[in-house]
Each structure stands twice: as structure tokens, then as C-alpha cells.
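In C-alpha cells, one chain follows: the form predicted alone.
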């Protein structure tokens, strides 16, 4: 477990690594990096190669033990940026630990096996780092998806893919990852896993999962808060739907009461699967031109940016198993006077 600091910088493109210079100017070295979390201007779908490009340029510059989480889609007012999670020699009040699952075989993606691998890895990270479950504010995961090639490999091996729709595989992968987190944090009992996979209705209040074609394992980042010392804090909650401003303002009011300054917000966004928001019909799920995840990111990104007064926020689309259906978890990281 490492005491950490969190810093974020804007980028000019998915291949822009100049924030590393700004990180050094802030007193940190590349070897201090535990995780690089990025938002790029890709479409956030299966063919979003901006994520692959970002991973390709960043991973050689940071320790092999560090993880990367690149999420495509900066629709609306969201700004492309990277967030660094770095080790800090002082006691900051924030802790973090990272790790990976083993490589997932194509036929395992989006299944109970996937969930169990995430659960096992997350539990191991918690145990090895000494982070208590009640201190966890966010578990951020980057997980793989199915491509057309992987679907054919599965079929050729005589196995059945969780889906043959590559876009749907992103949702299946996110959901299995979220279930794994829920089990590791004791939000869901492992004995209920099979039913949870069938129902697709179980969720975690602290999971944030993003899928992509740039990796074959799951990258895991755990952020925990210890308010006993240091000037950094993290508080988390969840939105009941995409316009749940009260859930956000409740967290921001806590920041204000402590005289804090928001450093970063991590949020998930999802179009309500019922096709309604508070009794009114929405068209996000039936738009043939723009995927629903893009609509959701724009909506939630605009709401958050307006309330926080900042556009470099981590808003990831597709919240299957992450907060209640149509809503999504929120984690606010902030600084107070130490």
C-alpha cells in the first residue's frame, strides 16, 4: 500500500505524453507512478483505437508494475486529459494499490470465470496492501472485450462466446468485472454469483469498469481514504439516474464543509435500460446514429462539469453492475488544509 497524490493534466491528443514533464516539475519521477488514468476523444466503442494508442505510448514510460486505464469518449464539454496516481513519501490521507488478473481467455470474457478472477485479484491486492474494505472509495478496472477475431477463435475451439455482438461484449465484460469487485468488497456473496450473472441486476457502489481492446487481462486500481491524517480525502456515493444532481451536491457539500478543493471526480454514466428517466421517455437506447454510452457520457459529463466547475473529469460510459441501473458510482477526490 502506498500513500499517494493525484494530479491531472490536459492532453492535446491520445499520443501526448507531455504531462510527464509537468509531473516532474511537480516533484515526481516516472518511477513514482502507480497508475495513469486517461480520457481520450475516441468514440469509446469497440473500434476506439485512441485507447490503444494511449496505452502504447504511456506504458513504456512508467513502471511495469503500474497500470493504465484509458477510457474513450469526451463528448460534450468533457476535456481529454490524464490523471496520475503517484506514490508520495509523506502521509497524504489517500492510499492506493494496483494489480492485474491473469490473461483472460476469449471464452472467459464476460462470464462468471471473469468475475471470479477479478474478485480473487482484488482480494489479494487488498490483503497485500493492508487496505481495509471500509476504507475503499473506488475500485477502477480496465477489462478486455471480444473482437470478431476472438469470437471466431472461441467457435473454432468448440466453445460458446458470451455474445457474438462485439459491442455487447463490452457491457458483459464491465458487468463481470463489477461483480468481481462487489464480491471482493462483500457487497455480494460469491454463492450468488451464478444468479447475478443470469439476472444482470446486481451492482457495486464502488466499482468503475471500462472495457477495451488494448489489453487481455484486467488492470485494477484501488483508492482508499484514511481521514486520520494528511490533506487528501476521497468520498464516494452513487447517482440513481443520469440527472441525479442531489447525489453529486451531497458529496460536494461535504467537501465544502471541510474547506476542501476538488482534485478529480470519477464517475460512471449509463442510459437507463428502461428507456425512461423519472417517467419521461429518453431516446438514448434507440438512436441508430450515436451509441447510448456516448449520450450518457455527454449528459453526466455536462451535469458534473457544471456543478464542479471543471471539464477534465473522468466520466466513463456503460455502468452495468456499477451503481443502480441508469445511474452510476461517483468518487470525489479533494484536498483540505492539512
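Positions refer to the first chain, counted from 1. Every value quoted in this text rests on a predicted model; they were computed, and no experiment measured them.
From this point on, the text means the form predicted together with another copy of the chain, which you will not see here.
**Student:** So which of 129, 79, 90, 254 gets a non-hydrogen atom within 4.5 Å of another copy of the chain in the model of the complex?
**Tutor:** Residue within 4.5 Å of the partner: 79.
**Student:** Which residue, 187, 240, 165, 190, is the contact with another copy of the chain in the model of the complex, using a 4.5 Å heavy atom cutoff?
**Tutor:** Here the answer is residue option 165.
**Student:** Taking another copy of the chain as it sits in the model of the complex, is residue 286 in contact with it (heavy atom to heavy atom, 4.5 Å or less)?
**Tutor:** Answer yes; at least one heavy atom of residue 286 falls within 4.5 Å of another copy of the chain in the model of the complex.
**Student:** Even though another copy of the chain is not shown here, does residue 149 get within 4.5 Å of it in the model of the complex, heavy atoms only?
**Tutor:** Yes.
**Student:** Is there a heavy atom of residue 66 lying 4.5 Å or less from a heavy atom of another copy of the chain in the model of the complex?
**Tutor:** Residue-level check for residue 66: no, no contact with another copy of the chain.
**Student:** Residue 74 near another copy of the chain in the model of the complex, any heavy atom under 4.5 Å?
**Tutor:** Residue 74: yes, in contact with another copy of the chain in the model of the complex.
**Student:** Would you point out which of 202 to 210, 117 to 125, 255 to 263, 141 to 149 contains residues with a non-hydrogen atom within 4.5 Å of another copy of the chain in the model of the complex?
**Tutor:** Stretch 141 to 149 is the one.
**Student:** Along 268 to 299, which positions have a non-hydrogen atom within 4.5 Å of another copy of the chain in the model of the complex?
**Tutor:** Contacts from 268 to 299: 273, 274, 275, 277, 278, 280, 281, 282, 283, 284, 285, 286, 287, 288, 289, 290, 291, 294, 295, 298, 299.
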